[in-house]
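Just one chain follows, in the form predicted alone, and it is written as structure tokens.
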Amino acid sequence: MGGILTIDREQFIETAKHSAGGRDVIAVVKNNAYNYGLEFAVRAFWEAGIRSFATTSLDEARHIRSYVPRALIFMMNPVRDLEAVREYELHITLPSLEYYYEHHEALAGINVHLEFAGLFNRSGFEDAPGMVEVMEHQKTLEPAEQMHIKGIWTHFGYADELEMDEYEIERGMWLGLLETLGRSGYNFDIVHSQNSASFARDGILDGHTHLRLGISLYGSRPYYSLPETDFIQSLELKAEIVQIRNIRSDQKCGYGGSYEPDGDRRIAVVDIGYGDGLLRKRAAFDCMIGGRRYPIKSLMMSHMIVEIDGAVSLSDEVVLYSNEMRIDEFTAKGVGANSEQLGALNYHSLEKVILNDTGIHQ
């Protein structure tokens, strides 16, 4: 089977409502909505009151438009199929002068958000003069030839790092850019920069119209020190035990004999592995069976080995993620970012179960 991924839709919506707090939020739903399922997440977020969505995939943007026709949909990656942008009425990023001059004629009538590279330097303009050059060049065009400069944005790549000073630096660079542009009379309808970590640290920054939230909407804490009650996780990942065995101290298990018991032991062979998206670092820790934690000893493509005791039976379920075994707990232990653990899940091999799904979606 490869594991069962269960999502409580009602809790998912409540968590999103709590995270958004009635503010204008752009929900990040890239990569199949962190593997919760794009259609599921978009419709649930819409029910939670969220009206704007961000992705990096034009194909996902097309699907979002079909799910929620009245939504604002923002493309975080540069798009070159501008006819599709018009057809689906998308907002797109404007990342550089080079992109602008290559496409400015085709950009007529399209909604764009100027992107600032900042300290993260993933993509975007390096400074205000480049943005000003674009906006001044637009003024030389006839109205029908102009694009619509609706927004400005950046990404805080260091907001998650509490031990580093870079977040304060990148935030200062960004706010300085906005101040410089504002003094020159350049203002924007939509201003967004803050991910879940930045919002948790600072609240919404002055001059910002929207938050652009990812992981907190899905129930994971951007920092382990934040209260669990503010980030209720709607997701549970569990698997079945396919066999229980007693092994001797001289019997190795797993690929290359990866598990070497230090004595006679009882083990459970569990129907989930790295082929189903379980990270190797996650398998360095424990799982939960019958409300108790047991150590994972070996991970294979379709199976894992757990060291157990006599309290475990073949009918017991093995839990890898739940509100008792939170994704952000293992983030704090060094398994990988919240989004990394979610993004690794193989939604093709896992069975997905949606709880509290009425089938009536807006």
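As the structure is a prediction and not an experimental result, all values here were calculated from the model. Position 1 is the first residue in the sequence shown; the rest follow in order.
We do not show the form predicted together with a small molecule, though everything after this point is about it.
- Using a 4.5 Å cut-off to the small molecule in the predicted bound form, not one of L114, W174 and G207 places a heavy atom inside that distance.
- Although the partner is absent here, G214 sits close enough that one of its heavy atoms falls within 4.5 Å of the small molecule in the predicted bound form.
- Proximity of H155 to the small molecule in the predicted bound form: non-hydrogen atoms within 4.5 Å are present.
- At the 4.5 Å threshold, heavy atoms of V28 reach the small molecule in the predicted bound form.
- The closest heavy atom approach of N195 to the small molecule in the predicted bound form falls within 4.5 Å.
- With the partner omitted here, the stretch from 147 to 155, 164 to 172, 81 to 89, 261 to 269 that lies within 4.5 Å of the small molecule by heavy atoms in the predicted bound form is 147 to 155.
- A heavy atom within 4.5 Å of the small molecule in the predicted bound form is found for one listed residue only; from W46, Y321, Y34, F330, this is Y34.
- Between the options R292, R245, R122, R280, the residue in contact with the small molecule in the predicted bound form by a heavy atom within 4.5 angstroms is R122.
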